[in-house]
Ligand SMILES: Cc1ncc(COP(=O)(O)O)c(C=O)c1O
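Take a look at this one chain, the form predicted on its own, written out in structure tokens.
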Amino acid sequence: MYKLSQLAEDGKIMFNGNEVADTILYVNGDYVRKSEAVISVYDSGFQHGDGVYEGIRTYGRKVYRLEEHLKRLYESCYTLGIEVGKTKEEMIEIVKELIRRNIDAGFHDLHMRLQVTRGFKVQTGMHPTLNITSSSIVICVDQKPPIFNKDGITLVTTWLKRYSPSYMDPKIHCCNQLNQIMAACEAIRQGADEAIMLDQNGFVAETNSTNLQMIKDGALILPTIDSQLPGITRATMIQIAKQLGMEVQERNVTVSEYYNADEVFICGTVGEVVPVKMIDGKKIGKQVPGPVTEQFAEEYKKLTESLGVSIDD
């Protein structure tokens, strides 16, 4: 089977001229190095993207909001009829052990992708009756500090629409992300960092990988969750706004409202809180990052220091 180690140069995995950390992963019961991790090409995740995942970050020796992530993971699996095969308590222990091993090996700034697929198929074909094993559980761990430029990113609006529940409920955090990948390709073609995806009615849903918020006249304004993932970091932004005594509006929002916002920012586990400086070539706000965005980022940092499942308990 193909292994990442085959790309190694003098025993090192290189990307863009930098050495990639050979972290420790969990693959169906085994703890293996990233360079040696493999899974069957007949796995449902590879064959059809038939599975769900969660992106989870650690801060020090704590796994941030692990319970919330697992709740969403198990709900998505239940919706798709995927038997996880592990209780939430067992999954927590697996995650804690995995993070302990990585920290003990000297890795830091850890971000993991916990993925559960429907398992292996006896032959190609999308029908679930072809599956002959229980679910596959793979936890990829990368040494990956928060992505995106905290000085501000640029967005473009893509013609690609975010799925509505009529087609594929975006509340299912599924592994099949072609919809968002195509939008990301559009952003790259236009020299932007992310793409804004609209819903079927032309209102803003989210970006191709994050939730999108705006500040206007002292209020936090967010699109409804009709056609977007109800992000855990998004919920944290609402929590912070209420703690600060701010008005919170969850409603249909148009792109033109974002153009004229006082501040715009994206948020997500992988990037935290990131200001937006330009949308479709239009500059946003008077300064980037804006004062409210900076305050949200500071409050979020405090939460990452206080919340989380300790790997030492």
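Just count from 1 along the sequence shown to find any residue number. Remember, it's a predicted structure, so these values are computed and weren't measured experimentally.
Beyond the structure shown, there is the form predicted together with this ligand, which is absent from this document and is the topic of what follows.
This chain lacks the partner; the member of V52, C267, L66, V264 within 4.5 angstroms of this ligand in the predicted complex by a non-hydrogen atom is C267. Q180 is the sole member of Q180, N131, S136, T157 with a non-hydrogen atom lying within 4.5 angstroms of this ligand in the predicted complex. Not displayed here, this ligand is approached by R162 to within 4.5 Å at the level of heavy atoms in the predicted complex. Shown alone here, D193 lies farther than 4.5 Å from this ligand in the predicted complex, counting heavy atoms only. Looking at H173, you'd find a heavy atom of it within 4.5 angstroms of this ligand in the predicted complex.
This ligand in the predicted complex is not approached by T117, whose heavy atoms all lie more than 4.5 angstroms from it. Comment: 208 to 216 is the region of 208 to 216, 73 to 81, 101 to 109, 118 to 126 lying near this ligand in the predicted complex, near meaning a non-hydrogen atom within 4.5 Å.
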